[in-house]
Structures are given as structure tokens and as C-alpha cells.
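In C-alpha cells, the next block holds one chain alone, the form predicted alone.
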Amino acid sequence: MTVDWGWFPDHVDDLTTLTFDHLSTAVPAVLFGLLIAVPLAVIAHRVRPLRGVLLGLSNVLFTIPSIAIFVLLLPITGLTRTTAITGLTIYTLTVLLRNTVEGLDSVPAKAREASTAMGARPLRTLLTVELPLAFPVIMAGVRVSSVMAISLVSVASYIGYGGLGQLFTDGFQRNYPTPVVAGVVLSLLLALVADAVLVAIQWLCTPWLRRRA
């Protein structure tokens, strides 16, 4: 496989546009997934009979092939970015929901009891005690789902919103490996940068862990 290095300087603008397009699909998917997963995880944690149902349903959705999800969504949302974001959000839910439930499960019962003894209501206990203590486990899920979303955006090139995945399609159609190499390298760099940013956010948001270390 021969890479045409002269291709890169001539396509800097295209690569930049596709990179931002890639992020504009992956980032909302993770954010929406988190907004949906946290309330569901709280319900699954507190209402035990629903725990297996919610986790099982998320696992079933995860087994659906990504292209199939996009095809199923097309009659509803059409050939739009909404279809790509919705499909990716469904995929992030499994990881985010399970990690959030496990994070809430890991909160010591004494911490909850102390908050209740101080007169805190259940919602305040959740926001000021349970979620902060569960934050490291939740962030682990966010990191995994972010890398997964970045990698799966390329599949959305099937509906025209694949970001860097369009380089794969272009390269394969023309039997020209250079765009494929560019897409692989940039996708990998995006995943590494996203993971590093999330690690930094977790480090900044958990000062008690820094003091303990």
C-alpha cells in the first residue's frame, strides 16, 4: 500500500471540515446518552424490580447492528444528522447506563445515612453525595462510550453524515488508500484526545481523590 503524501497538503481544509463534522456527531450522542442514562440509572438503582428490565433492554439495543439502526430510523428522521446522533446515542446507552448503576451501587451506605441524618432530602443526597462519589465510575463509562461513538460515526457515512468515514468510502471506491489512511489516523487521534480531555475533567472534578493519592 503506497501513501501519496502530496495529497495531504492539498486537502487540509477538507480534513479539518470532516474532523469537526465527526465531532459534531459524536459529542452530542454521548451527551444525550448521558442525559438519558443518569435518570434511568437512578431508577434502576432505587427500584430493584426495574433494574433487570432496563439493563436488559439496553443490552438488546446494543446487539442491533449499527447500520440496521440507521436504516430503521430513516423513515422517522430521514437523511439527517439527527439519524446519526440518535443511532449513536442508543449505542452509548448500554455502557453509560451500566456504569452509572454500578457507580451508584458503589456509594457506601454510611455516606447516604450520614446525609439523611443531617436532614438532606433524597434529591439533595443524590446530587451532593451519591453522584459525586459515583463520578469516577460514571466517567469510566463516558470514556468508553466516547471512544466507541467516535469510531462508530464512520458507519454513518452510509447516510451521508459519517465525518471522517467519508474518507473511507472515497478511498475504497477509487481504490486509493491515502484517504483511508488519513481517516484512520485522524479517528485514532480524535479518540486519544477525547480520552485525555475526559481524564483531565475527572481529575479536576475529584479533588478528594487527589488528596487521598
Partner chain sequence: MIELLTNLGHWLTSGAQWSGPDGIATRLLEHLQYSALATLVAALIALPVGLLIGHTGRGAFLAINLSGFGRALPTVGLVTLVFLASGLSMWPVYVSLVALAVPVIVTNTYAGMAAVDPEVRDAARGQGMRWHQVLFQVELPLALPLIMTGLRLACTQVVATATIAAYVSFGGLGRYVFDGLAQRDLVQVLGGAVLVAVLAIALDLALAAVQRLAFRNRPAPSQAH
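Numbering follows the first chain given and starts at 1. None of these values were measured; they are calculated from a predicted model.
Another form exists, predicted in complex with the partner chain; not displayed. Remarks below refer to it.
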Please state whether all three residues P39, V197 and L209 have a non-hydrogen atom within 4.5 angstroms of the partner chain in the predicted bound form.
no
Please determine whether G52 contacts the partner chain in the predicted bound form, using a 4.5 Å cut-off between heavy atoms.
no
Closest heavy atom of S187 to the partner chain in the predicted bound form, within 4.5 Å or not?
yes
Is A191 close enough to the partner chain in the predicted bound form to count, meaning some heavy atom within 4.5 Å?
yes
Going by a heavy atom distance of 4.5 Å, is A68 a contact of the partner chain in the predicted bound form?
yes
In the predicted bound form, the residue from L131, V137, L74, A111 that sits within 4.5 Å of the partner chain by heavy atoms:
L74
Contact check, 166 to 204 vs the partner chain in the predicted bound form, heavy atom within 4.5 Å, ordered by sequence, gives F168, G171, F172, N175, Y176, P177, V180, V181, V184, S187, L188, A191
